[in-house]
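A single chain comes next, written as structure tokens; it is the form predicted on its own.
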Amino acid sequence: MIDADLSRMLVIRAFERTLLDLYGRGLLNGTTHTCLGQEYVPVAMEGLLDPADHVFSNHRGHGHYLARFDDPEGLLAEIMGREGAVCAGVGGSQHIRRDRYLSTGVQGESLPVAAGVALHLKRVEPGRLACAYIGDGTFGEGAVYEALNLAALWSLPLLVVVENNGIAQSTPTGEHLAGTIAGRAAAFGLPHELVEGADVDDIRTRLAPLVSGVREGRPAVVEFVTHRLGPHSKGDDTRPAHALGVDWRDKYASPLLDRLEAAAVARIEAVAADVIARPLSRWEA
């Protein structure tokens, strides 16, 4: 893995931990959903995407945004409602729009929208794709199947990235999902790739042919078996510590990681101090 990828993963982690700290100190209101433990997924995927591709995120989307834009200042300002916010502070943690990036807190909402965008890309911008991130819990939404059906029927350049962290809010996957995600993709004749490791280089090498196929109109589902190390939201994790899963950080433990992590923490601390001191954002119609 190149240092830039590892640095980006550590910046995302430092950002998420800072959010939880700010909430704990009463400096943030509302709620947030961190991607602690899943940081490598969007970093790996971003290396396979083009800036002109569309990315659709979800409620647990800070890592998706930071992997694409490396803009912790704008994102934190958005969450805190401060000057310099990505969407003037009206989107908050879950509802972000920037260029060809869109996130939503409504489960399953982004997939049919991504299918529609993929249809547009097929007609107007061949070679581009729409990438939609969803979780295992989102397979309880009917809109997911409508979108997969149309993607298969119309050969849309739609890439569905499933972050299967084994738990939907507080319900284990085995208690809310019958069968498998692979089986559901197969029902629509869609290729399915299961990714169980966290090696960014290996992931990109393995998925590159699949992503190329999506660009040519062969929609596909990529399922990452990953681990959510933090709570669903701020403090609602009912799992015992031993059930949280493996941390990708352990794989890369080294003096280099320690240096990069220290730099990431220092960067986010500086960002937080700066954003906290800013005046409130203003909406300009």
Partner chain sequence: MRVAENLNAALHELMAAEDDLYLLGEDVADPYGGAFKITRGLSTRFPGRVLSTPISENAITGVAAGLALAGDAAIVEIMFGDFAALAFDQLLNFAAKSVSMYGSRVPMRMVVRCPVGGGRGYGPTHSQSLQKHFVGIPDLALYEVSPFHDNLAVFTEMLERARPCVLFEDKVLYTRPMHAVPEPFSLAIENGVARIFLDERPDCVVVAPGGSAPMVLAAMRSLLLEEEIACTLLVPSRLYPFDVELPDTRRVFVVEESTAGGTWGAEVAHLIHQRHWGRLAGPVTLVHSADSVIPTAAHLEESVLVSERAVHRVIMETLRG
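Numbering follows the first chain given and starts at 1. The shown structure was predicted, so the numbers you read here are calculated from the model rather than taken from an experiment.
The form predicted in complex with the partner chain is left out here; the points below concern that form.
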Does any heavy atom of residue 196 come within 4.5 Å of a heavy atom of the partner chain in the predicted complex?
-> no
Is residue 73 one of the residues lying within 4.5 Å of the partner chain in the predicted complex, judged by heavy atom distances?
-> no
With the cut-off set at 4.5 Å between non-hydrogen atoms, does residue 119 touch the partner chain in the predicted complex?
-> yes
In the predicted complex, residue 56 touching the partner chain (heavy atom, 4.5 Å) = yes
Within 4.5 Å of the partner chain in the predicted complex, heavy atoms considered, which of 200, 80, 96, 181?
-> 96
Let me know the one among 214, 207, 115, 134 whose heavy atoms come within 4.5 Å of the partner chain in the predicted complex, would you?
-> 115
Looking at 171 to 179, 184 to 192, 146 to 154, 126 to 134, which lies within 4.5 angstroms of the partner chain in the predicted complex, counting heavy atoms?
-> 146 to 154
So which residues in 91 to 109, when you check the partner chain in the predicted complex, have a heavy atom no farther than 4.5 Å from it?
-> 91, 95, 96, 97, 102, 103, 104, 106, 109
